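The chain below stands alone and is given in structure tokens; this is the form predicted on its own.
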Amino acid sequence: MEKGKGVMGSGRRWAVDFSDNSTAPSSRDIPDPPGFTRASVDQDDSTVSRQKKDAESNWKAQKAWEVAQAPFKNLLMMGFMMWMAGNTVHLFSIGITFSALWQPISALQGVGKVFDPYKDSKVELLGPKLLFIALNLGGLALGVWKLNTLGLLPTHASDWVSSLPPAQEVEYSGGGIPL
């Protein structure tokens, strides 16, 4: 027996013949089960495609809101990390603070790219984008607040003393005994 040749002599070892040569009544003679109609099987392709597009639009809108709410988790994590870093100026607290400032800034620069996969004529992205921007601005405010608590922002008058002109002398005093 040659390699690749089956027992049956044809090129295939296993073959199934799907032609109906039986004399039994065909499946078309059997009535449909209760609740089944042939019309539901032969639905318009336009109806099915419209339903698929609606489902896809709903999915995109839901995912856009999930992406918009993602910075909230980052906000809580950064707040906890800043609390753990303390209020003293050292390398770890400065690193955490600048990370808290950098992440929202980079996220705000890429708002368009973040929501690109969810663009659709039926999906309104203004609300998710505004929420995303607001949460990232909140993260930025948290970073600025931490800079202030570390004393790294010039918010007091004593921080600007070097740029003030010297005070004018109002009064002169002479002392001692005239000679």
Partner chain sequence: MAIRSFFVPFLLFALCFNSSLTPVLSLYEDQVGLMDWHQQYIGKVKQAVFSTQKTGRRRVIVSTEENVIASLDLRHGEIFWRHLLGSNDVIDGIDIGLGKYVITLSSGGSILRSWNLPDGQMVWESFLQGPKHSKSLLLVPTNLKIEKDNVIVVFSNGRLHAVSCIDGEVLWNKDFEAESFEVQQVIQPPGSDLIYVVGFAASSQFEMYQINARNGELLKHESETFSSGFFREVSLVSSETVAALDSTGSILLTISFQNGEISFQQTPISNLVEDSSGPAVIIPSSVPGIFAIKTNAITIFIRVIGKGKLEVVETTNHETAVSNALPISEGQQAFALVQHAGSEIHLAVKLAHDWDGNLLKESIKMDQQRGLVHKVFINNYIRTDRSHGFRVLIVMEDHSLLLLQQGAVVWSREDGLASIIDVTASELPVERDGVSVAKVEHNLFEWLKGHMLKLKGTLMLASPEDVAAIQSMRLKSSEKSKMTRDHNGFRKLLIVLTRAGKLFALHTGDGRIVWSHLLRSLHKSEACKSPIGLNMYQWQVPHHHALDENPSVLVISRCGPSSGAPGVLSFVDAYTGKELNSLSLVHAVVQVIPLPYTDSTEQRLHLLIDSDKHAHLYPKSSEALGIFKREFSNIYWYSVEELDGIIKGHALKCKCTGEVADEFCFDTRDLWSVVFPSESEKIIATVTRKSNEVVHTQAKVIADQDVMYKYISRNLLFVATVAPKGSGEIGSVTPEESWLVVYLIDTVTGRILHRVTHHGAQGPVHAVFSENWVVYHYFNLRAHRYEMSVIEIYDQSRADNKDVWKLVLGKHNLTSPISLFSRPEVITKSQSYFFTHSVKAIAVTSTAKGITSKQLLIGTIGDQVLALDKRFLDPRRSVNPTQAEKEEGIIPLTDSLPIIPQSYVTHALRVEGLRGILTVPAKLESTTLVFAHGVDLFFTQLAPSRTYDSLTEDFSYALLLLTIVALVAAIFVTWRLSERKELQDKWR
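Residue numbers count along the first chain shown, from 1. No experiment lies behind these values; they were computed from the predicted model shown.
Beyond what is shown, the protein has a form predicted in complex with the partner chain; the following relates to that form.
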Can you tell me whether residue 102 touches the partner chain? I mean in the predicted complex, with a 4.5 angstroms heavy atom cut-off.
yes
Is residue 108 close to the partner chain in the predicted complex, meaning a heavy atom pair under 4.5 Å apart or at it?
no
Taking the partner chain as it sits in the predicted complex, is residue 91 in contact with it (heavy atom to heavy atom, 4.5 Å or less)?
yes
Mark residue 98 yes when one of its heavy atoms lies within 4.5 Å of a heavy atom of the partner chain in the predicted complex, and no otherwise.
yes
Using a 4.5 Å cut-off on heavy atoms, which residues of 155-178 contact the partner chain in the predicted complex?
155, 156, 157, 158, 159, 160, 161, 162, 163, 164, 165, 166, 167, 168, 169, 170, 171, 172, 173, 174, 175, 176, 177, 178
